[in-house]
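Shown here is one chain on its own, the form predicted on its own, set out as structure tokens.
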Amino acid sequence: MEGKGKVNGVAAMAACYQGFDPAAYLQYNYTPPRADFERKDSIVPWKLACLHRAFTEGDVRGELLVDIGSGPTLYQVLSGCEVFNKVLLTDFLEVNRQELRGWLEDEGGCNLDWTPYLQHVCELEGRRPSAWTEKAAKLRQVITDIVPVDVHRPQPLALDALPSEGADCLVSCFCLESVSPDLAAFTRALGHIGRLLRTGGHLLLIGALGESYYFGGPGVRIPVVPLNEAQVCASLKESGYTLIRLEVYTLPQDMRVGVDDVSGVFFVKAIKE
């Protein structure tokens, strides 16, 4: 019975995502005030700074970076594309993979202009904002594919998606807690994606703290596992990771814009044992 409950919970989560609207999600979370590059306390610049620091400290390196649960967003690989020769994007939903392909193929029609993000990361890297066109070209050059992923499967990607030794680094942002029916499923998913990572490879994880739901579109209310810092650390340890750093961001009141009940965000840098 327990196994059946696990399957039913995961299936219920998948059903929640059938109405997911990439355009609405991007509007809710990746425009001001949450993406205000003039404010130091805005959530998106904080995330970009965490990722920039992690990718430029010198220990995160290799050939292949895999983004687990990309959603319709690109910000999470803007720093990593300067470190890795190959970047693989993944998502469970075809609508999100289509959104990413729209940007990759550069044919217009994307639901968000990523130019301010590219410019901001160029500034973090000590370059002029005008270098954003070079960064965009670099990102398009190193993205090798956009493929389906299911973090609830013991083998989340197709067997031929990765080299036998695994990826050198995984990045995953707001995915695992948002697609898991409970804390146990979140922890199992962490273990599943760890099988994609080589021993000694790094995991860069960003997620929500204290969040029980978010809107994936108008009227599309999606449940989330409400995590705290201790639970994140315990799940990482149980799943075979050694924590290097945990950082926490607390949402200012005006960032609580009614599209979720998130209270904070965590950033984790960890290594696979």
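Bear in mind the structure is a predicted one, so any value in this text is a computation, not a measurement. Sequential numbering from 1, following the sequence displayed.
Another form exists, predicted in complex with a small molecule; not displayed. Remarks below refer to it.
Screening 103 to 111, 195 to 203, 171 to 179, 80 to 88 for residues having heavy atoms within 4.5 Å of the small molecule in the predicted bound form returns a single hit, 171 to 179. In the predicted bound form, Leu93 approaches the small molecule with a heavy atom inside 4.5 Å. Proximity of Tyr75 to the small molecule in the predicted bound form: non-hydrogen atoms within 4.5 Å are present. In the predicted bound form, the small molecule lies farther than 4.5 Å from every heavy atom of Tyr241. Remark: Val151 counts among the residues lining the small molecule in the predicted bound form, judged by a heavy atom distance of 4.5 Å or less.
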